[in-house]
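Coming up is one lone chain in C-alpha cells, specifically the form predicted alone.
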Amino acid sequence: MTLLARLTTGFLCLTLMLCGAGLYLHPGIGSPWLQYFDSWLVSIVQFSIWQAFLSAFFSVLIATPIAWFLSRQAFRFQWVLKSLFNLFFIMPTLIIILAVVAAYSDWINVFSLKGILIAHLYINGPFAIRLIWQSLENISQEKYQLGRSIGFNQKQQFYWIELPVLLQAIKPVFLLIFIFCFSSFTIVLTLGGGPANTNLEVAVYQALKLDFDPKAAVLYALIHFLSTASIILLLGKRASFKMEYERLVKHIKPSSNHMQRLIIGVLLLVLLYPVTSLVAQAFSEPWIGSSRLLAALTTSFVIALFSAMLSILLSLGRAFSQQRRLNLLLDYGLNILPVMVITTGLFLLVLKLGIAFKVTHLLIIWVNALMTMPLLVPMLRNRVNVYQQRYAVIATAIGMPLATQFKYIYWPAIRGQIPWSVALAMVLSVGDLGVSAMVGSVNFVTLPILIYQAMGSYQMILASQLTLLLLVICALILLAAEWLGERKAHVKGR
C-alpha cells in the first residue's frame, strides 16, 4: 500500500514535470509573444468567463428552489431521481449535445451561446440539485425540534435553520460548475457556431490542430491554468464533492407531497424530452452506419478499459497516501488543473520528440485516467480512512503484513466501490472527444470522433444514430456495474 502510494505520487509528479517540459520546449517558432496579447485573446478570455458565469448562475438559480422543495419531505423511490441526476452528470457530453440539437433546433439557434447554456444546464443543473438537496438533507432533526420548541413558524424555520445551509452549499456548487464550464471543450467546440463563441480550451485546440501554432497554444493553456487557479483563490477554498453510489434507501419512506409530485413530473419531462427527441431522430431513417464504425468501437473500448484500470490503480494509490503537504498539493492541483493544459503539455513534448502519432493510444489512456481520478479518489479514500481509524492500530500492534491488511481489511471495504468506479471511468473515457481530437491523427478514430465528423459534414441522422449507440454502450456499462455490485452484495449477505 505504501509502495503503491509512493508510485502514484511519483507518477503524478512525473506527469506534471513532463507537461511543464512540453510547454517550455514547445516546437515551432510562432510570432513574438507580445503579438498574441491582442483583441482576440481578450475576446476569448471574456467569453470563457461570461459563459461559465451564466451557466453556473442559471444552474444554481434553477436548482436551489427545486432542491429545497424536494428536501421538504423524504419520499419513496427518491433514489431513482437521484440516480437520474447522477446519470446526467456522468453521461458523455456528446449525447447531451445531440439531444439538445434534436430537441431545440426547431425553436432556437442552438449553435450559439444559447445552445451552449442549454447544454451546460442539462449537465450541471441536475448536479447542482443533487448537491444542494444533499446539504439540506444533512440538517439534523434536532435543529428542527429545537426550532419547534421555541415556536418557530415556517418562515422563521427557513430563515434561521435552512437559509444558512443553503448559502453555505450554493457557493461551492457555483464554484465547481463555474470551473467545469470555464474548462468546457466539447460543448463550446460543437455548439459555438463560430469565432465569436470561442473559449480558451477551444482556442488551444484551434492553435494546435488548425493553425499549428504551438506557441499560441502554450500561451492560451497557461492563461487558462492561471485563470482557474486565480478564480478559486479569489472565490474560496477548495471545494470537495463526491458522487454517491451507495445502495441507497434502506427504509421505506413516506409518499411525496403534491408540490413534490408536480416538481418531479416537470423535471422528468424537461430531462427526458431531449433524449426522446434524439431517439426519434435516430429512428427517423434506417440505419446508415459507417465503414469505420468497427475500428472506432474497438479503439474506444480498448482505451476506455485501460484508462479505467490505470485510473483505479492511481486512485487507490491516492486513497492510501498520507495527507502530507505534497499530497494535498497534488490532489488540489489535479482538481483545478484543466485537462486540456495537461494534454497540451504532453502532446507538445511528444511532438518535440517526434513520436506524437506513435503514442496516441498511450497518451489518451494516460490523460483520461487522470481526468477521472478527482471523481474516484474521494469515494475510495472515505472507505479507506474509516477502516484505517478502526483497524490500523490493531493491525500494526499484532504485526499484520501490509498484504494481509489489504486482503482482509481494506479490500472488503472498497470492493463494493470498484465496479462503479470502473464503470464511471469507462463511461467518461468512452465518451471523451477533447483529448482524442487533440492528440489523434487523421486516421485515428473513436466513436466520439466519428460522431463529431458526422456533425461536421451535416449528417445529423447518422450522428444521432451513432450517439444513440454510444448511449446504449454507456447504459450497458453502468448496468453491468450495477449487476456486479448487487451480486457482490448478495454473496456478502449469505
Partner chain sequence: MKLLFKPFLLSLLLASFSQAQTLTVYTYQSFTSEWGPGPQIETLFEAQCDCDVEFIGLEDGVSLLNRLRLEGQQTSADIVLGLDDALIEETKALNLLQAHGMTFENLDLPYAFNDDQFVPYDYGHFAFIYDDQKVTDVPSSLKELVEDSELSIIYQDPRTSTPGQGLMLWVKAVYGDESAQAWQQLKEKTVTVTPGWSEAYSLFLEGKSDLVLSYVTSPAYHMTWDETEQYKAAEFSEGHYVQIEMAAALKTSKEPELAKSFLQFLISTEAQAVLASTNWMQPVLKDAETPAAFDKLITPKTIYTPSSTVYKNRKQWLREWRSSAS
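If you're wondering where the values come from, they're calculated on a predicted model, not measured in any experiment. Numbering follows the first chain given and starts at 1.
The following text describes the form predicted in complex with its partner chain, which does not appear among the structures shown.
Although the partner is absent from this view, Leu208 contacts its partner chain in the model of the complex, with a non-hydrogen atom inside 4.5 angstroms. At the 4.5 Å threshold, heavy atoms of Phe347 reach its partner chain in the model of the complex.
Using a 4.5 angstroms threshold between heavy atoms, Val165 stays clear of its partner chain in the model of the complex.
Heavy atoms of Lys171 never reach within 4.5 Å of its partner chain in the model of the complex, leaving it off the interface. Segments offered: 412 to 420, 102 to 110, 223 to 231, 389 to 397. Contacting its partner chain in the model of the complex at heavy atom distances within 4.5 Å is 102 to 110. The contact with its partner chain in the model of the complex, taken as any heavy atom within 4.5 Å, belongs to Leu351 out of Ala296, Ile264, Val384, Leu351. Between the options Phe357, Tyr273, Phe406, Phe77, the residue in contact with its partner chain in the model of the complex by a heavy atom within 4.5 angstroms is Phe357. In sequence order, Ser31, Gln35, Tyr36, Asp38, Ser39, Trp40, Ser43 are the residues of 31 to 62 having a heavy atom within 4.5 Å of its partner chain in the model of the complex; the partner itself is omitted from this view.
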